[in-house]
Ligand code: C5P
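Only one chain is included here, represented as C-alpha cells and corresponding to the form predicted alone.
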Amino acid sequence: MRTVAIIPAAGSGIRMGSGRAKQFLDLDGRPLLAVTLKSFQLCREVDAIILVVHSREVDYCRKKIVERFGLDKVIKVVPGGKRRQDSVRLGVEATNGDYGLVLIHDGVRPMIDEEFIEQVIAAAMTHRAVITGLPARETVKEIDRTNQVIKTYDRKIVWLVQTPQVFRYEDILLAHKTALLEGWKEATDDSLLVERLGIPVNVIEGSENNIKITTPHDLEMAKFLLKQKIK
C-alpha cells in the first residue's frame, strides 16, 4: 500500500513565549518544521506528504520551507482548522483517497528519523492501526479539580503516546467524519477516535528522543540531540 504522511503544524505555540509559532523557530539553521519534514522526505516508504498549517502561513510554508529546502514529496500545503483534530481531518480529506495508509506525525516532533518511520509503516502492513509510545516510568495518578488523588494506575499497563501513528485510509477518514458529525470532544490523538469505532490499535515502542517541542527547554534539548546525531 502507498503511504501518505499528514503533518499537522497549524498550532500557535503559546507556551513557547517567543511571539512566533514554534514550528518556525530556528533549529540548526533551519525552521523546526523543515527538520521534521526532511525525515519524511528521506524515508523510502513515504510516497507523499501533505502539510497542514494555519491559513495565513500557507504561502510562506510553500515558498520558504517546501521549495527552499527541496521537499518535493510535499504535494499539498493546506490550511488547517481551529483544533488539531480539525487540521488532521482536513489533511486526510486532501489525500482524495489516493493512498492506502495514512501516517500522522506532529510537525513539532523534529527528532524522528527515517529508519523508525519505516519500522512503523512496516508494522502497519500487519496491523490495522499502529501507534508509537513509551511505557510509563513513573507512577501515574488521576486527580480531580481540587488536585485530590482519585486513582493510582499500575504503570506497567500505562503508556505515553507519541506520533507517528498509521491507519488505513478508510478507518481514519471514517473516525474523523464520525467525530465531526456526532460532536465528539477534542481528541488528544487520532488513535482515540479510531478506538471509539472499535478498531484494534497496536502499540510499538517509540523513542525518548522523539520529543514534542512545547517549551523553550524542549527546543534546547532538540538542539542538543541534533548535534549528537550529526556527530
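When you see a residue number, it is the position in the sequence shown, counting from 1. Owing to the predicted nature of the structure, the values given are computational and were not obtained by experimental measurement.
The discussion below concerns the form predicted in complex with ligand C5P, not included here.
Engineer: Would you check whether ligand C5P, in the predicted bound form, lies within 4.5 angstroms of a non-hydrogen atom from each of 9, 81 and 84?
Structural biologist: Judged in the predicted bound form, 9, 81 and 84 all sit within 4.5 Å of ligand C5P.
Engineer: For residue 107, is any heavy atom within 4.5 Å of ligand C5P in the predicted bound form, or not?
Structural biologist: Output for residue 107 is yes: heavy atoms within 4.5 Å of ligand C5P.
Engineer: Quick one: does residue 223 come within 4.5 Å of ligand C5P in the predicted bound form, counting heavy atoms only?
Structural biologist: Because no heavy atom of residue 223 falls inside 4.5 Å of ligand C5P in the predicted bound form, the answer is no.
Engineer: Does any heavy atom of residue 212 come within 4.5 Å of a heavy atom of ligand C5P in the predicted bound form?
Structural biologist: Because a heavy atom of residue 212 falls inside 4.5 Å of ligand C5P in the predicted bound form, the answer is yes.
Engineer: Using a 4.5 Å heavy atom cut-off, which of 133 to 141, 107 to 115, 149 to 157, 94 to 102 contacts ligand C5P in the predicted bound form?
Structural biologist: The contacting stretch is 107 to 115.
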